[in-house]
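First, one chain by itself in structure tokens, the form predicted alone.
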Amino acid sequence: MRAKRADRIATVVFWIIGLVSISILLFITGVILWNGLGKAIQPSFIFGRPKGFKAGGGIWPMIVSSFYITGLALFVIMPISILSAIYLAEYAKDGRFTRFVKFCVDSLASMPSIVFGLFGMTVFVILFGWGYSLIAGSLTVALLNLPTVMRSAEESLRSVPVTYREASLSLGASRWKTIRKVVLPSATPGILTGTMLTVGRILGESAALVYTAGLVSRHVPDSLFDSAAPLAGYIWYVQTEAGAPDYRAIVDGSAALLLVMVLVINFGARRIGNYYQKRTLAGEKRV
């Protein structure tokens, strides 16, 4: 009787905690969308350019800058993280060096983004002389998210059953061919999910980009060395420093649009991961 009573009490407590957490999340999301969705769906706002101290400006350069930075960062992150994950999961032996590398990666993954922003400003902006530019911001957020993607890819590779490797090797395939033809396709759902979630994190990043890419841009970047203004950083700039009469509407609309973009990307990550997982399970059944 005591065990049943304790189980019921625990169930009620966990349900209450879960409902409170979901309610807070829905409340925050609802407030942001309620305040800014009307502004965010206006074509003149989405495809327009900032007007400085005048009302009615748009955010198109900031949207494009955000996707430019995200694409360039992924271009740097993906090959490095996947190859590093393959080495750690398939080739590296468990020893002091491997544990040291994992400790460093985990430490970097938990480091505040503002530290990466200061590092990027010191190295890319000042030392390399690139100034506030698209490439400086992209490399900074690439360094910021590289440990997370690498660890996610490593865990996805380790989750592949050992029997897959043994079956491939027993049929005469080399170790690299086994990784390329068997392990990587099986780990693709986890790698894609981790990558897509990282895309959402990059789109919402501001602290690391304020010091490296810029705060506001009235034109879409034409080269890697042009200044860029990601949407999250622009929201902070408009709220704290801009002098536009309708700054509150700009902030609310930009926040709502950014939230929608991140939600769509996270939803897409789940769908893509489930799709590849179903394909993998279907392939296993056919075998």
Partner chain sequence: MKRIKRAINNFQRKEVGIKIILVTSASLSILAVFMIIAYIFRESLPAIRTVGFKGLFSFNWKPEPANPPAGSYGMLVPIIGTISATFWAILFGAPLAIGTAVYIDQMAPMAIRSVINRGIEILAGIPSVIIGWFGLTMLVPALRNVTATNGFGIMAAGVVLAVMSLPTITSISVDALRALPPELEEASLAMGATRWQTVSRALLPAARRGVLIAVILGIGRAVGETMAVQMVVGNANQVAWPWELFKPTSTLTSRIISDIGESTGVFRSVVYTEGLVLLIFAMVLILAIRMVSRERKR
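No experiment lies behind these values; they were computed from the predicted model shown. Only the largest set of C-alpha atoms that superpose within 1.5 Å between the two forms is called the rigid core. Numbering follows the first chain given and starts at 1.
What comes next is about the form predicted in complex with the partner chain, which does not appear here.
K.L.:
Using a 4.5 Å heavy atom cut-off, which residue among M150, A73, A136, A187 comes into contact with the partner chain in the predicted bound form?
P.N.:
Looking at M150, A73, A136, A187 one by one, just M150 meets the 4.5 Å heavy-atom criterion.
K.L.:
Taking heavy atoms only, is Q42 within 4.5 angstroms of the partner chain in the predicted bound form?
P.N.:
No, Q42 sits far enough from the partner chain in the predicted bound form that none of its heavy atoms falls within 4.5 Å.
K.L.:
Classify S174 as contacting or not contacting the partner chain in the predicted bound form by the rule of any non-hydrogen atom within 4.5 angstroms, answering yes or no.
P.N.:
Yes, S174 lies within 4.5 Å of the partner chain in the predicted bound form.
K.L.:
Indicate whether T122 is a 4.5 Å heavy atom neighbour of the partner chain in the predicted bound form.
P.N.:
Close contact exists here: in the predicted bound form, T122 approaches the partner chain to within 4.5 Å, heavy atoms only.
K.L.:
Taking heavy atoms and a 4.5 Å cut-off, does I191 contact the partner chain in the predicted bound form?
P.N.:
Outside the cut-off, so no.
K.L.:
Is any part of 21 to 44 within 4.5 angstroms of the partner chain in the predicted bound form by a non-hydrogen atom, and which residues would that be?
P.N.:
Going through 21 to 44 in order - heavy atoms within 4.5 Å of the partner chain in the predicted bound form - the hits are S21, I22, I24, L25, L26, F27, I28, T29, V31, I32.
K.L.:
With both forms fit on the core, is the shift of the CA atom of S23 between the shown form and the other one 2 Å or larger?
P.N.:
Result for S23: no, shift under 2 Å.
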